[in-house]
Structure formats: structure tokens, C-alpha cells
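The chain below stands alone and is given as C-alpha cells, in the form predicted alone.
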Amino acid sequence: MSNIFETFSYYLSFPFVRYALIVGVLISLCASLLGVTLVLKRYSFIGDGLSHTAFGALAIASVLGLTNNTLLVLPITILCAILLLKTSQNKKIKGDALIAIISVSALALGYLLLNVFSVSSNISGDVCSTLFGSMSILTLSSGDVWLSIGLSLFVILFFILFYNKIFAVTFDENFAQASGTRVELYNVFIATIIAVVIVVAMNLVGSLLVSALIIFPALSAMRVFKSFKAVTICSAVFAVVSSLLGMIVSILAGTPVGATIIMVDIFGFMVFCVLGLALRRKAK
């Protein structure tokens, strides 16, 4: 056990390891807070649609040779997020169908562009790294840390200041609109924030795994708690602990960061399922 602590302390002496821990915890926190609202609004897989959209936009930016691909990836992802959250009013194409359409189309377009307009000698490696997250945590910079800190502070303040509005928009948009709440504006805010979270999280867990950061904490908390506030708080704690444990295991065992975090999330979800079942049986 002492060897494990010594090894981990040694790794903590490197700035990029500290960057990964900070970014991972903060991004997981933001994703979990937004995840509760998205899961309750039945937009659980919006993370998949947006992450694949970001992958397609990233491919376009690579082909165009942009030095800062975020300038293209972020606006496109935000526009798609707003579009997806507005589909609940569309009777012809439901939200889940549109997510599937955008997800598959963006993924296919991105992979096709990277193959036709080859910009790297290792296309398969680059695609695998983008989809599943980098095998190394060397890719995170101090800029990612400050972006994550600013984003997490904004999300927390957003939830604290507009908690009642978010609650109303989450459960009944028609009632919220009738009571004077600007539903469209709040949906745009939520869409914009989740798009930024997904673009940043892609550097950590990859585009195929990013939706797990949104889904698992919220679903796990719902196995045990019933109130919106309790689920939100539990989801945030679950996400932070799972992310931290996943990255520690990844650092010590040398496993892929994204996949390790998700496996910890899955294990935690199973524990909460058993705990929720035990509590329901006890209540009877």
C-alpha cells in the first residue's frame, strides 16, 4: 500500500498529471449537473449526438488546416445542441430520431473527410484517440485547466441562481412558460453549456464515451433518491468521486483514462442499483 502512495505522489509531481485530475473532476461535475436535467427531459443520448458532431467538425477543421480547431468545433456543436433541444416541438422528427441522424451523419462525414483528405500519417491512431480518448494524459494543458475552472464556476452559479427556473423547465415546459419563464432562453443556455462541456471532455474521454459522463451519475442518483435537489447533489458527488478514482487507477495501472473512468461509473451504477433495491425492500 505504501508503494502505491509513493508512486502516486511521484506522478503528482508532474504538472500534466495535476492538470488531468483537475480537468477530469471539474468536467465530470459540470456534466453531472446538466445530466440530471437532460435525463429527466429524455435527452440522455444528446451527448452522443453532440460528441459525434464535434468529431465531424474537428475533421473539417483538420482538413482546413486550422491552428485552433475550437473556433470551428465549438460554434457548430452549440448550434446542433440548440437544434436538438428544440426538437421536442417538432412532431415530424422526434428528438431521439434527430439525435441518431446527426450522430451517424457527423461520424461518417468526419471519418470520410479524414480518409479522403489525409492530414496525418496515422489516421487510424488519430481517429481512435479522438473517439475513445487519448491513451496519454499529456494532451491536457494549463489552458484546459482554466477553461474547466471557469466553466464549472459558471455552471454551479447558474444552477444556484436559477434553480427554480431549471426545475420548472425540466419537469413541465408548458407550465413554466405559462408562469412567465422564458423557456426557450433557458434551453439555449443549457444547450450552450452542455456543448462546451462535451467539446472540453472529448480531450479526456473521447467522443464515443463522453455521454457516459452525463448519463451514469444522474441515473445512479435516481436509483436511491427521488427529489430533484437530492438527485442533483448525489449525481455531482458520484461524478466527482468516480472521475477521481478512475483517473487514479488509470495513472497507476497505465490504462486509457476515458475507458477507466467509464468503468468506474458503471461499477458505481451497479452499486447504486443494489442499494436502491435494498432500500425499497426495507421500506416495504
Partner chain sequence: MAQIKCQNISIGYDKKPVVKDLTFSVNAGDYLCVVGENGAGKSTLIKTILGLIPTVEGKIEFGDELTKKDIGYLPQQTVVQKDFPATVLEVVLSGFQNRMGWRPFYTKKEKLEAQENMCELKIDNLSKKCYRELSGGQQQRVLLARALCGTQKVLLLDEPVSGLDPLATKEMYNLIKNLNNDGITIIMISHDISSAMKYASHILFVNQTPFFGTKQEFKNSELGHKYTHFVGGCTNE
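Positions refer to the first chain, counted from 1. All values derive from a computational prediction rather than experimental measurement.
Another form exists, predicted in complex with the partner chain; not displayed. Remarks below refer to it.
In terms of contact with the partner chain in the predicted bound form, the residue from M247, V231, A59, L26 that brings a heavy atom within 4.5 Å is V231. The partner is absent here, but in the predicted bound form a heavy atom of A178, alone among A178, A97, I149, L83, sits within 4.5 Å of the partner chain. Considering the partner chain in the predicted bound form, the lone stretch of 234 to 242, 247 to 255, 45 to 53, 219 to 227 in range is 219 to 227 [heavy atom distance within 4.5 Å].
Of the heavy atoms in Y163, some are within 4.5 Å of the partner chain in the predicted bound form.
Proximity of D172 to the partner chain in the predicted bound form falls within the 4.5 Å heavy atom cutoff. Contact annotation for I78: none of its heavy atoms lies within 4.5 Å of the partner chain in the predicted bound form.
Using a 4.5 Å cutoff between non-hydrogen atoms, Y111 does not count as a contact of the partner chain in the predicted bound form. Residues in 252 to 280 all lack a heavy atom within 4.5 Å of the partner chain in the predicted bound form.
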